[in-house]
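Okay, here we've got a single chain as structure tokens, the form predicted alone, with questions on binding and movement later.
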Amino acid sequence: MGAYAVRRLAWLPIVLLVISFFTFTIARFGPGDPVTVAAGQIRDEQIIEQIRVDRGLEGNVFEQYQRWLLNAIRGDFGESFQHRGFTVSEIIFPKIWVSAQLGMIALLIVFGVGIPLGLLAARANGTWLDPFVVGSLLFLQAIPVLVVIPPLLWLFAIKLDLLPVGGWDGLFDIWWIGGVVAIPIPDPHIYIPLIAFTLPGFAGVARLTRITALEVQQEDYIRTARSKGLPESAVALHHILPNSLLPLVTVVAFALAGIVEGAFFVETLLGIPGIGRFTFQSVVSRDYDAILATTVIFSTIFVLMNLVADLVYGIIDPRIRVGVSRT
């Protein structure tokens, strides 16, 4: 397994090179010149040429990419056009941390709720409860994020005045008891974005769990466990669930990608200073250095998540030996 991980990691620089080069090329030959964007209202040719030199944009596209790549390896992704005087690295990593906090909690909720619902639907197969659970989750999945957020804001923020309309103040607030004991409680700002993130994700996890559990329930060892008189809860927890987890490992990487995709809309609509909102603003304002940085970072995360999923295969099911060909 260690050799397999090393081989996969060896491909990571090549994948990132291809992705970053094509993104860099599209940014240079697409609509809008990065130098013109950086110059703003300046039209003096000498000043524009100096900006081109300062930003390493002179020469052909291969020379420009080489300079950008050498700087990126050192962690220098250039200066943001949106926030003058700040480098992309100074801006982007705090925003990644904001999005990562929401994303990880959303993943835990999606799998923590989706897996039990999938097991429930499998257990109730052949009854009205099975199609009711699956149908309800598919209905929630079909509602776009852009449609979910306005009614949530209207109900919880405007009508009931229970939650703020947007913004970000961290994951937790501190509730003091008698001015002495500090208890961390979830910050009110996180509820609406978490609802918007998680509602579409339950269906995929629950349906995959249901399908896998139905297959596992037909195995001989499940019938043997039930014939021994084990409680159904023990059969589901100790036999059906562990053997239903393997296909769910691959879903983690795709669920993370889905949350990143949803972050573009959720963070923009709710004013959350995360990486999704920053990327959307970068595209709108043609902040090319920021677009390149976010593309490389997202690609790295996605490739690494797929690698982790493959390695976890071998941990969950010892019968699988990743990277070993069968003859």
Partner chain sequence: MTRDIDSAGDERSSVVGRSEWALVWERLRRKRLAMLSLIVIMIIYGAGLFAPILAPYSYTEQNLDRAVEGSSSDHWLGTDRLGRDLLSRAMYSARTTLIVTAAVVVSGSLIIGNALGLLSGYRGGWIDSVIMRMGDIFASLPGLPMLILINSAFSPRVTEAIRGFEEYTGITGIVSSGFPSYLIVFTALSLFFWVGTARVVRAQVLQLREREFIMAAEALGSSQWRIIFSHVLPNVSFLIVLSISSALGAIAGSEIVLSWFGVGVQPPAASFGAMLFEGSGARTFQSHPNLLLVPGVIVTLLLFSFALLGDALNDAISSR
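Positions refer to the first chain, counted from 1. Quantities reported herein were computed from a predicted structural model and do not represent experimental measurements.
If you look for the form predicted in complex with its partner chain, you will not find it shown, but the lines that follow are about it.
- Between its partner chain and the residues 47, 53, 70, 283, the one pair within 4.5 Å by heavy atoms in the model of the complex involves 283.
- Put simply, residue 19 is close to its partner chain in the model of the complex: some heavy atom of it is within 4.5 Å.
- Within 4.5 Å of any heavy atom of its partner chain in the model of the complex lies no heavy atom of residue 64.
- The closest heavy atom approach of residue 151 to its partner chain in the model of the complex falls within 4.5 Å.
- Taking the partner from elsewhere, residue 226 is found to have every heavy atom lying beyond 4.5 Å of its partner chain in the model of the complex.
- Remark: none of the three candidate residues (113, 116 and 221) comes within 4.5 Å of its partner chain in the model of the complex, counting heavy atoms only.
- Here the chain stands by itself, but in the model of the complex one stretch of 153 to 161, 169 to 177, 182 to 190, 122 to 130, 153 to 161, has heavy atoms within 4.5 Å of its partner chain.
- Looking at 137 to 174, the residues that come within 4.5 Å of its partner chain in the model of the complex, counting any heavy atom, are 138, 139, 142, 143, 144, 146, 147, 150, 151, 153, 154, 158.
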